[in-house]
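Just the one chain here, laid out as structure tokens, in the form predicted alone.
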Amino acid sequence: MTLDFSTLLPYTDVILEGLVTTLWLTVVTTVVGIALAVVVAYFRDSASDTARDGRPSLVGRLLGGYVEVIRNTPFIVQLFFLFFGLPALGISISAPVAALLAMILNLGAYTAEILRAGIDSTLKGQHEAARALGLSRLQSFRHVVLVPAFSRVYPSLISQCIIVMLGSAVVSQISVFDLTYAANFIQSRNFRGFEVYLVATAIYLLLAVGLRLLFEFVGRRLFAYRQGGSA
């Protein structure tokens, strides 16, 4: 077999379009998904405290149900439910919006559980000290619990964000013009499947490595700053 990557040159703009879509899906999902995870982790942590006081929390059960549903169903089913299932209820959303929403909900659920592991490792005495100083539950969570929890689970958080980025290839199944859709499109035109998917694989690999390096750089700056500020 003779490799011929020159056949991909006329489709450079197609590859770039798909790459841009994958990038913006990843960036928006990361920012909004982590924000959602923080909110879920806060209310589930508060709900756990309420439950320990003998008053079961409806909010805690609902959020726990959301996390369990997302973590125990395939991402592609979640995506299809949003894009093909919701119209049966009279709710129609575009393919890019369905893809973005599915990715955010997926990352939010997994990251919320990752954060909970970091929160659970925070010493109970730190909570009590914060409350003794007059901090509200929200202030205690924000200043005493959240940052140490993030620092403990940050490597797992990086991995989860990269997994979601790689999993975004599934959104091509609902005709979102991401990198995988672009590769499929090109292969259907030039029939050079090996070269097309080799290039797509290399791009995904570079994206994963680049994102990991970026996250690690941000983490070093963020947590070094926090540690320096608390010294």
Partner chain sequence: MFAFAKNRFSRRVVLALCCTVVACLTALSAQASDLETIEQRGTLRVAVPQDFPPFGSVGTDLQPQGYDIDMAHYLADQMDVDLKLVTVTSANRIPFLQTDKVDLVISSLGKNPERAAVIDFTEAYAPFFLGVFGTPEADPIDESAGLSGKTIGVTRGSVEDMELSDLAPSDTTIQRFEDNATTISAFLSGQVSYIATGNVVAAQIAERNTERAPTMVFQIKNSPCYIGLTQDNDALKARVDALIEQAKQDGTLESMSQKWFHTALPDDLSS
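In this text, all values refer to a predicted model and were calculated from it rather than measured experimentally. Positions refer to the first chain, counted from 1.
Not pictured, yet referred to below: the form predicted in complex with the partner chain.
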In this chain shown alone, the residue from 147, 101, 95, 158 with a heavy atom within 4.5 Å of the partner chain in the model of the complex is 95
Can you tell me whether residue 185 touches the partner chain? I mean in the model of the complex, with a 4.5 angstroms heavy atom cut-off. yes
- Distance check, residue 57 to the partner chain in the model of the complex, heavy atom within 4.5 Å: no
Exercise. Is there a heavy atom of residue 61 no more than 4.5 Å from a heavy atom of the partner chain in the model of the complex?
Worked result: no
Is there any non-hydrogen atom of residue 181 lying within 4.5 Å of the partner chain in the model of the complex? yes
